[in-house]
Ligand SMILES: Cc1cc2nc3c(=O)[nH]c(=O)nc-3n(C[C@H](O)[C@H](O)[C@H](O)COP(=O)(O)OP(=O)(O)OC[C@H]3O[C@@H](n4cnc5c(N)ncnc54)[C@H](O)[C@@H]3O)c2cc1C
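Next up is one chain by itself, shown in structure tokens, the form predicted alone.
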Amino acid sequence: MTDFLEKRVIVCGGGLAGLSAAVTALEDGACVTLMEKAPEVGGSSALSGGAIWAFADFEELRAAIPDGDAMLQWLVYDNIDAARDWLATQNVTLAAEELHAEQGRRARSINPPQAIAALADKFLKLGGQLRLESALDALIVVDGIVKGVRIAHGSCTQDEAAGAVVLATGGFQGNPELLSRYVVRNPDNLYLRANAWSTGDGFLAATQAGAAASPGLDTYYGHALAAPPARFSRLELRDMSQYYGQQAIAVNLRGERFADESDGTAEQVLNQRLAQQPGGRGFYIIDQELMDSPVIKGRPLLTRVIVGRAQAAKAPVIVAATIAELCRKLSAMGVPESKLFREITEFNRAIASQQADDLEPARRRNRKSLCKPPYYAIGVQASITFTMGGLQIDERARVLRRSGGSSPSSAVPPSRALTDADALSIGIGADYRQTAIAGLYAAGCDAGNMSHFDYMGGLAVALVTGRTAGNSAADYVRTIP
């Protein structure tokens, strides 16, 4: 008879995804051990703004993120309401639903520290075992089946038997080597806008065991932050985020516009393009009208509040009565004066003459010239909050094997996440995903390609995939004789 430890579920990672997986598996009757690398649970979820949002319309989601995995996007889209309702049953306080940003996406917000504490408390009350300062070192695989994990604690390692393992270690944004391999040539171009513990432990362990990496490994979420010499703590990362970039003129240190600033659902797309510029730095240039405007339509936070925070942190903030004076002041910081002046005046001319499509790069939205003095140039630095690429999973959160072929998402018309009956009905068979690595699941940022360049929210993906992984892992260990 199998020892009970060989039938338990081990969850690696104690952020929202890991805690959701662990509590769900316990509720489904599994024995669960949660391994957290840091001295406390929470991960980057604890530093987030707390909005658990979803697109209001799936076609809008696909239009924004056409290169993401359609089935996994359906998984999140279809299950977000039930997952948030589940959170409420765990004594997590959720705000009333509200619109989120301009796209009419629906959101319910949590207070991250309260939510993490409530889930951790529920986990312990249900009999879960919590192991802190315990990092995933490797997966134990026997005859192609995951049988446990090797955990590093200080300078020691220890093997832990398990019937199923859920990877929720938070992505690889804290690993410079992986960032340079997949994301950006010089990872020093990126501030880390997250906790420092997510260094790709789940991704590395799984790929070393034969797991498939998802598409989109070079894409990530983040916002431009106040540039050096600004100084701030990790608790101020959101306060230092310069969310208004889509309305600004964004230039690099060569004085050139380098992107359509208005691309994407928010400033995170511009941030990714900023990271490719020299030093990952540049300037967001705005006028007084933009300074006095909301950062996001329908939200009360004004741009001048964010700029004021950056200025107080000693970020480069230049103020001038004219465009010419602004360019002259920026030349003292190494930005070519004449080139910058031509760039701004050509932008203003094209907008005023309704020729924004002729700009290079074009400006497709937010077509407003800068014409109300004074003018401001705010130094910005690209950042990364979480990686969008990761392990390839199916709609049961099973990690797929690298040698097993591609995801059916590339062959099946985009539709809701498939059940076995759905698979049979379209002629691909109920065992169409038999390329999964037995006993291995992934959730949150360890699961890749739901977001791809633009994004569909971090907490929603963490919550839904965590619940899915926890349920699937518990179901699997029940089948072990």
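These numbers come from a predicted model, not from an experiment. When you see a residue number, it is the position in the sequence shown, counting from 1.
One more form of this protein should be noted, the form predicted in complex with this ligand, which is absent from this view; the next part is about it.
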property	result
Listed residue that, although this ligand is not shown, lies within 4.5 Å of it in the predicted bound form (heavy atoms), from Asn195, Asn252, Thr303, Gln246	Asn195
Selected contact from Ala212, Val335, Leu136, Ala356, since only one has a non-hydrogen atom within 4.5 angstroms of this ligand in the predicted bound form	Leu136
4.5 angstroms heavy atom contact with this ligand in the predicted bound form for Ala51	yes
Touches this ligand in the predicted bound form: Ala56 (any heavy atom, 4.5 Å)	no
Distance check, Lys37 to this ligand in the predicted bound form, heavy atom within 4.5 Å	yes
4.5 angstroms heavy atom contact with this ligand in the predicted bound form for Lys372	no
Segment that reaches this ligand in the predicted bound form - one of 167-175, 71-79, 390-398, 270-278, heavy atoms within 4.5 Å	167-175
Every residue of Arg8, Tyr441 and Asn471 near this ligand in the predicted bound form, heavy atom within 4.5 Å	no
Neighbours of this ligand in the predicted bound form among 344-368 [non-hydrogen atom within 4.5 angstroms]	none
